[in-house]
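The chain below stands alone and is given in C-alpha cells; this is the form predicted on its own.
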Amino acid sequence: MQLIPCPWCGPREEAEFHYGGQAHVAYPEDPSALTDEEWARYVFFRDNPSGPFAERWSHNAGCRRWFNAVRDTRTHDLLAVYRVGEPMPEVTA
C-alpha cells in the first residue's frame, strides 16, 4: 500500500484518498458561450504525460480536504504535495 502525505494530516494509506483528475484546469469564464465541441473538450480531454503530472486528490477518510500532488506517471511516485491555491513546486523526475 502506498502512503500519500496529506498536507493537513500527514502520511496516510492510499485507501483513504480519492483521485480527482488533472490539477490546474480552469473552469470556463462563460460556459454558456461554449460550443458543444468546446464544452466536450473541457469536460473530457486531459493531458496524459509520461513523467510528472499535477493531480487533484481528496482525503475522503480523513480531513475531507482537497489538495494537489505531482505524481510521476512512469513510476507512480509522489514527487510533491501542496495545498490548493499554492503554486506547483518545481520537481525533477
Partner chain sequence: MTSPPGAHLPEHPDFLWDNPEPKSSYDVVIVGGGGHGIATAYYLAKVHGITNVAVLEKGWLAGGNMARNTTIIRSNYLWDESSGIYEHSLKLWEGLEEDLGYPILFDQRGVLNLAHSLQDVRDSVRRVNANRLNGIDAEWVDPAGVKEICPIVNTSPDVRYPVLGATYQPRAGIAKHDYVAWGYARAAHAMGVDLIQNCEVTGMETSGGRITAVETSRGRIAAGKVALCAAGHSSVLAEMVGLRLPLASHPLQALVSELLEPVHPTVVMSNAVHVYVSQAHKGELVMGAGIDSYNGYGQRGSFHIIEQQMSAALELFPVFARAHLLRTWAGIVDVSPDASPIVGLTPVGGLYLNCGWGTGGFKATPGVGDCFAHTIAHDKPHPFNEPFTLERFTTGALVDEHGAAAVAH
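Residue numbers count along the first chain shown, from 1. Not measured: the values here are computed from a predicted model.
Although it is not shown, the form predicted in complex with its partner chain is what the next lines describe.
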Query raised in the report: Is the gap between residue 32 and its partner chain in the model of the complex 4.5 Å or less for some heavy atom pair?
Result: no
Query raised in the report: Looking in the model of the complex, any heavy atom of residue 40 within 4.5 Å of its partner chain?
Result: yes
Query raised in the report: Looking in the model of the complex, any heavy atom of residue 53 within 4.5 Å of its partner chain?
Result: yes
Query - Partner contact for residue 15 in the model of the complex: its partner chain, 4.5 angstroms, heavy atom - result: yes
**Report entry** Contact test, all of 8, 26 and 87, partner its partner chain in the model of the complex, heavy atom 4.5 Å
**Finding:** no
Query raised in the report: Which residues from 29 to 65 come close to its partner chain in the model of the complex, meaning a heavy atom within 4.5 Å?
Result: 36, 37, 40, 41, 44, 45, 46, 47, 48, 49, 50, 53, 57
